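As structure tokens, one chain now follows by itself in the form predicted on its own.
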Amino acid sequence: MTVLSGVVANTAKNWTFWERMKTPEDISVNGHLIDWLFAYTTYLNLFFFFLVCAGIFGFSYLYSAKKHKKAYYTHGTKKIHIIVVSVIGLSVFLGIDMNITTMSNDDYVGVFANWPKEADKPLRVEVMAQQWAWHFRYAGRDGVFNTEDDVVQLNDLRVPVGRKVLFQVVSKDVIHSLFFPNARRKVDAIPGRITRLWFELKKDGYYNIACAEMCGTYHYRMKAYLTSYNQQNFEEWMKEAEDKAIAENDRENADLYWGWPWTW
């Protein structure tokens, strides 16, 4: 069996309820940053949810009609009331909202917006979304997109492990969203506009790609697959794919040449 035809579907497995609740396996170098921020936000929400519940039920018990026959009415406009509410509000804003914003901004500026340069020699992939499929284009041996030796894949993305992969994405019709659950990355595919995304994987395997934007009647069918190889196996697959493209690509088929000149 050649590398080109060597993708084997995952075997069926009876997942338990708690296994289904787990997040997809993180196979990317920087995915832990997303997981940490998500977990941090979730735990804070749970903490304050239970704190508010404790306050609601606690004060309902302490100030019930059995203990306080006569109700006490207030407009909450006393100085102490205003101070308490202001302190609580500022504490939440500065300690939670601004903290989450700062961490998000640091991760984005320092990592996710640190785009691979040409000198890094990332694998470049052009992606075209349409209702309801994903098209992936690799520059062939000439390194130029939209030429006769391009490798074009339908719903089948192959990438190497330990090498940065840089995507340029566009849509043919409506807004879609290219989502890699196992890499914790996604980016919108927009008609008439090229968007970008990059990641670096650390584990080989066979994973799902989804559309994370409601894009029409058959949105649920817009699924593709990601296969990650070690560098040697990826090069073997790419060589086979390039040989096949050179032999079979039709110069007269205008639909095949939907790519664009790559710009850094």
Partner chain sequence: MAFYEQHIHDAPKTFLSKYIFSYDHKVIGKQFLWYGILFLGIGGLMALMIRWTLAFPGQAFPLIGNFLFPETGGVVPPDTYAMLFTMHGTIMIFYAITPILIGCFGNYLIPLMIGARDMAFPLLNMLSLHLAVLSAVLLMAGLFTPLGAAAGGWTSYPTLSTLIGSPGVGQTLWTLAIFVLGISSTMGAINYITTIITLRAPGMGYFDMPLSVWGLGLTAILNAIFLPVLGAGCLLLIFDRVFGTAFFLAGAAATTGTGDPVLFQHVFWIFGHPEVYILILPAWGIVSDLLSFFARKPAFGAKATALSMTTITILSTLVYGHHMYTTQMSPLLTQSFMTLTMTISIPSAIFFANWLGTIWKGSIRFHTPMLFSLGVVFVFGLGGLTGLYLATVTTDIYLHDTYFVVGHFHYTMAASVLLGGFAAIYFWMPKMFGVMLNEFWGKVHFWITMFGLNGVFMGMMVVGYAGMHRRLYNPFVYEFMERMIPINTFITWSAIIMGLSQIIFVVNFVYAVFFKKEKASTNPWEVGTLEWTIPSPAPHYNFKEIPIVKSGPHEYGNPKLTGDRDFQYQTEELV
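Residue numbers count along the first chain shown, from 1. What we label the rigid core is the largest C-alpha set whose atoms superpose within 1.5 Å from one form to the other. Every value quoted in this text rests on a predicted model; they were computed, and no experiment measured them.
In what follows, reference is made to the form predicted in complex with its partner chain, a form of this protein that is not presented.
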| Proximity to its partner chain in the model of the complex (heavy atom, within 4.5 Å), stretch among 135 to 143, 118 to 126, 77 to 85, 155 to 163 | 77 to 85
| request: Considering only heavy atoms, tell me if residue 232 and its partner chain come within 4.5 Å of each other in the model of the complex. | output: no
| message | Check residue 213 for me: does it contact its partner chain in the model of the complex (non-hydrogen atoms, 4.5 angstroms)? | response | yes
| query | Using 4.5 Å between non-hydrogen atoms, is residue 149 touching its partner chain in the model of the complex? | reply | no
| field | Interface membership of residue 19, its partner chain in the model of the complex, 4.5 Å heavy atom rule | value | yes
| task | Check each residue of 184 to 208 against its partner chain in the model of the complex and list those with a heavy atom within 4.5 Å, in sequence order. | result | 184, 185, 186, 187, 188, 190, 191, 192, 193, 194, 195, 196, 208
| query | Taking the rigid core as reference, does residue 195 move its C-alpha 2 Å or further between this form and the one not shown? | reply | no
| field | Rigid core superposed: residue 84 CA moves 2 Å or more between this form and the one not shown | value | yes
| said: Quick check on residue 45: with the core superposed, does its CA move 2 angstroms or more between this form and the one not shown? | reply: yes
